[in-house]
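Read the single chain below, which is given as structure tokens and is the form predicted alone.
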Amino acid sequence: MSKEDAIPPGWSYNPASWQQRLPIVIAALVGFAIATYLGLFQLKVIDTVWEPFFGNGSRKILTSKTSQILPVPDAVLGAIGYLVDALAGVIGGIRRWRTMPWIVIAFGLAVGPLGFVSVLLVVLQPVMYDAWCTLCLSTALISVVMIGPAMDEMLASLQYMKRVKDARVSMWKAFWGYKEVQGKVI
């Protein structure tokens, strides 16, 4: 099999190629590292948090009521989300949009909502607390940057699933990547 046959029909590039996915995985790992650091501050494992621009802003945001609404601090949840993004990004080969639609759709669902929540939390910083958190803004930017490439691959998988449906092949088996249905629809 050549790399060209890994390109979805109607596309000029493969959204599941490593050139497309590796930057997302790297961004997710950077987000994981930052969110873990912020989570350690929220869990009081470390006493201070680095803030180069906004004075006491990071401390104010990270100890706010919003950051502690859930039983687990929001930065810890963010770290878990970034780790899931990174793991979902490395699973499967360059044809996974049709051989493993389940992981591509899970990847898209993990990246999309995380980006939305990050943007929402950034909006809340000045509105509710009149403060900014530099590292929180950094992780939100990482989340937003990851959305586009992840949605491209998810779109390729959803288009594949539509072709499967149109060809009257089992969508269930295609979704889970059963070998018996692979090759019946491209």
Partner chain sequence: MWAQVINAILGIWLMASAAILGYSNIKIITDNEHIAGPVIASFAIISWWEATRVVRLYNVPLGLWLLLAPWVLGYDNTTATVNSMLVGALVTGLSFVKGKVEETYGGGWSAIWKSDSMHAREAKRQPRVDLDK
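Residue numbers count along the first chain shown, from 1. Remember, it's a predicted structure, so these values are computed and weren't measured experimentally.
Keep in mind the form predicted together with the partner chain is missing from the figure; the text below concerns it.
Remark: Trp132 counts among the residues lining the partner chain in the predicted bound form, judged by a heavy atom distance of 4.5 Å or less. With a 4.5 Å cutoff on heavy atoms, Gln19 does not count as touching the partner chain in the predicted bound form; it lies far away. Of the heavy atoms in Lys173, none are within 4.5 Å of the partner chain in the predicted bound form.
Using a 4.5 angstroms threshold between heavy atoms, Asp152 counts as touching the partner chain in the predicted bound form.
Site residues Leu43, Leu70 and Gly177 are none of them in contact with the partner chain in the predicted bound form, judged by any heavy atom within 4.5 Å. With the partner omitted here, the residue from Val144, Ala33, Val117, Ile26 that has a non-hydrogen atom within 4.5 angstroms of the partner chain in the predicted bound form is Val144. Contacts of stretch 102 to 133 with the partner chain in the predicted bound form, defined by any heavy atom lying within 4.5 Å, are made by Val119, Val122, Val123, Pro126, Val127, Trp132, listed in sequence order.
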